[in-house]
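First, one chain by itself: the form predicted on its own, in structure tokens.
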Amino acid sequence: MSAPLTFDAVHAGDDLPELSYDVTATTIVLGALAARDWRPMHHDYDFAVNRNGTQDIFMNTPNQAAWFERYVTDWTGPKGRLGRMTFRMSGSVFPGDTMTLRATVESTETDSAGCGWAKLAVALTVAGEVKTTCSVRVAIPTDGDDNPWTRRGDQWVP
């Protein structure tokens, strides 16, 4: 097991390890169910193809958000705390796709409360084609004793 990630080990230009995942219909349906998204294009093949004109059912927005969150917190470890996340979907993720998440640290900063932040540029690709881009601001412990999850009020400025 490696040492927990701390802010001093993170630098602009660093690449995060990639995460690849083979998407199945179950991945898509369970993600939609978890989000209580009952729209049929996320679970009904006939509706998605014959009524919406897509190639298959496709991953919904909250499911993609969850994958971005997982990817970032797998890298930071349990003390990493998301501050902000925005993303833009430009294509769909379908069963049979292998989605790959990659990220680069764009910048780091320590705020006035002493919280260490990394800004990440994340991309979800399928077969080399970018399907979604994501910008993340994540708090990382400044040392082994720091825990961004304990910050409250003026000490937490996401």
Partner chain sequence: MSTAALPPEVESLIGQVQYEEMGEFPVERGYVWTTCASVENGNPLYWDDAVAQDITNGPIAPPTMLSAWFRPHHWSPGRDVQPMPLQVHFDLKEIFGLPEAVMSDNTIIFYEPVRMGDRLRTRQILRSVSEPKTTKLGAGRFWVIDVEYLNQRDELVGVESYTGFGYRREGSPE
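Numbering follows the first chain given and starts at 1. Quantities reported herein were computed from a predicted structural model and do not represent experimental measurements.
The same protein also exists as the form predicted in complex with its partner chain; that form is not shown, yet it is the one meant from here on.
Student: Examine F7 and determine whether its closest non-hydrogen atom to its partner chain in the predicted bound form is within 4.5 angstroms.
Tutor: Outside the cut-off, so no.
Student: Does D44 reach its partner chain in the predicted bound form if we count a contact as any heavy atom within 4.5 Å?
Tutor: D44: no, not in contact with its partner chain in the predicted bound form.
Student: Looking at the partner-bound form in the predicted bound form, is T104 within 4.5 Å of its partner chain by any heavy atom?
Tutor: No, T104 stays farther than 4.5 Å from its partner chain in the predicted bound form.
Student: Is G128 one of the residues lying within 4.5 Å of its partner chain in the predicted bound form, judged by heavy atom distances?
Tutor: Because no heavy atom of G128 falls inside 4.5 Å of its partner chain in the predicted bound form, the answer is no.
Student: Since the partner is left out here, which residues of 61 to 99 would have a heavy atom within 4.5 Å of its partner chain in the predicted bound form?
Tutor: Contacts from 61 to 99: T61, P62, N63, A65, A66, W67, E69, R70, T73, P78, K79, R81, L82, G83, R84, M85, T86, F87, R88, M89, S90.
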